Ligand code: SRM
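One chain comes next, on its own, written out as structure tokens in the form predicted alone.
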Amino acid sequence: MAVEANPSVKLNKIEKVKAEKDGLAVKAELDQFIEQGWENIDKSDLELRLKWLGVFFRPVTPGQFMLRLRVPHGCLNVEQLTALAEIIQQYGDEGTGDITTRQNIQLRGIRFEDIPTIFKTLQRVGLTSVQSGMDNVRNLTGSPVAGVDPDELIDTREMMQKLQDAITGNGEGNPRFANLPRKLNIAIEGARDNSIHAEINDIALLPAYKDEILGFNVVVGGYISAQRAAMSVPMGVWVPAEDQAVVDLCCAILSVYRDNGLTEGLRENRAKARLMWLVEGWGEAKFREEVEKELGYGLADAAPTDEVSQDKKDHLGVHPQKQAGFNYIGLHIPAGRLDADLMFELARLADVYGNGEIRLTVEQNAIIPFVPDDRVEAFLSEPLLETCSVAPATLSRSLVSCTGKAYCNFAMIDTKAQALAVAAQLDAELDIPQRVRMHWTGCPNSCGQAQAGDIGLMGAKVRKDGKMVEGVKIFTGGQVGHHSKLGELVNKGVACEDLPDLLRQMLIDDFGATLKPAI
């Protein structure tokens, strides 16, 4: 849905591109693009509109594209994961995958001419990449142990799939929601531990009882960007835990956001275009009023409290399910990086030991559910667990990282390899008595969510000995769970080479770590 031309309204350059041609229009032009070669595609199509199909041109790897999937709730099956492994296997050493902080998978090393074949493969296994980039709703997140968590209040998987279908036109592309002022994140929690990081989602639903009926309190406006990080705020409403009620509410919020982008200036300045700017500009009362107008009925007031009462779980290790005799087993995927062999092995373990499901987490790890009690010991003896441990060391266990400069032109530092190396070094040197969530992000866009970590590291250029070198800004104090808050900037620049010494002292001073005895 293109923005109508209006000479009295000033549009930013991205909005001008969208006004010229819908992002989804490139779907019909893909064969033509492939025939002419990616080098000859119009820049606006290559660098922007292809993202509506989930296809990302990466300047640091020209000719090797990134494909971002939609994996609502982080739920995959053996057939799907095997298909993804086969897709990247044919690209040799360059083919990799990443689990993202939205329970999603991104495939790298994709050749442009193979995209139509890949799309057919995705369709065959029930996956899509449509509307996964630019000004669209991003991957929908929920509890990674929905349906198996003994403490769960509601299994939100079917609800989430219905919401994705409504937003994406059943995976074919939906112009109704393909032109928002900016990207938008939605998360729905069915458990008690805020596994979704509600505080940094534009729309988040938290379980809450009202008059002894289970439903959701709604918070809106949370986001992290290069310009600003904002905690979500209560919308002041409650909706029953019914699929259609939730879908209708989310679609109404999206419509209000979309339709008021011009009149409220959101399409003029992209730095002030996220949903929070509309909420703050109007105030919560007017925002609620406009959403109710879109719905055509009033919403119930929020319940006094929600049911998020537990610390954030990381789901690693062996855990009994609500189904007697079965367990879900969380595997640590170092820095969320996947290769084809690892993906094939995860699929095999899910097939041999479980029910064929693989779940992804916002911590970039994987879970295999429905492992019978009498099969757990054999599962834990599998060779893959030497790489993907169920009980990694403290810092490695809670490490989160964006992709870094190896693939992203915005990143100022290498993140994944450096994050793993620093964590391994400090884990070897220190006894750390408590969980420490260390989040690495390569640039201020904060895909690695530096502000959500106990310690957050954001790539930056810093001066050392009169020279500009790779370094990081440091954030501390981010909390998740039922006492969530964003971390604060405490150090504006440390050279990467000095980071281990500084972090070692931080862990000793602030987290009770002690040096291990010298051997």
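Being a predicted model, the structure only gives us computed values, none of them experimental. Each residue number is its position in the shown sequence, starting from 1.
Not on display, but discussed next: the form predicted together with the ligand.
Asker: Which one, 232, 194, 168, 364, lies within 4.5 Å of the ligand in the model of the complex by heavy atoms?
Answerer: Exactly one listed residue reaches within 4.5 Å, namely 364.
Asker: Exactly one residue in 100, 398, 136, 129 has a non-hydrogen atom within 4.5 Å of the ligand in the model of the complex; which is it?
Answerer: Selected residue: 100.
Asker: Has each of 106, 200 and 408 got a heavy atom lying within 4.5 angstroms of the ligand in the model of the complex?
Answerer: All three within 4.5 Å in the model of the complex.
Asker: Which of these stretches, 428-436, 441-449, 119-127, 157-165, has heavy atoms within 4.5 Å of the ligand in the model of the complex?
Answerer: Heavy atoms within 4.5 Å of the ligand in the model of the complex occur in 441-449.
Asker: In the model of the complex, is there a heavy atom of the ligand that lies within 4.5 Å of any heavy atom of residue 274, even though the partner is absent here?
Answerer: Contact with the ligand, yes.
Asker: Spell out, yes or no, whether the shortest heavy atom distance between residue 254 and the ligand in the model of the complex is within 4.5 Å.
Answerer: Contact check for residue 254: no, nothing within 4.5 Å of the ligand in the model of the complex.
Asker: Looking in the model of the complex, any heavy atom of residue 217 within 4.5 Å of the ligand?
Answerer: So residue 217 does not count as contacting the ligand.
Asker: Heavy atom to heavy atom, is residue 225 within 4.5 Å of the ligand in the model of the complex?
Answerer: Yes, residue 225 sits close enough to the ligand in the model of the complex that at least one of its heavy atoms falls within 4.5 Å.
Asker: Could you pull out the residues of 13-49 that have any heavy atom within 4.5 Å of the ligand in the model of the complex?
Answerer: Read in sequence order, no residue approaches the ligand (within 4.5 Å, in the model of the complex).
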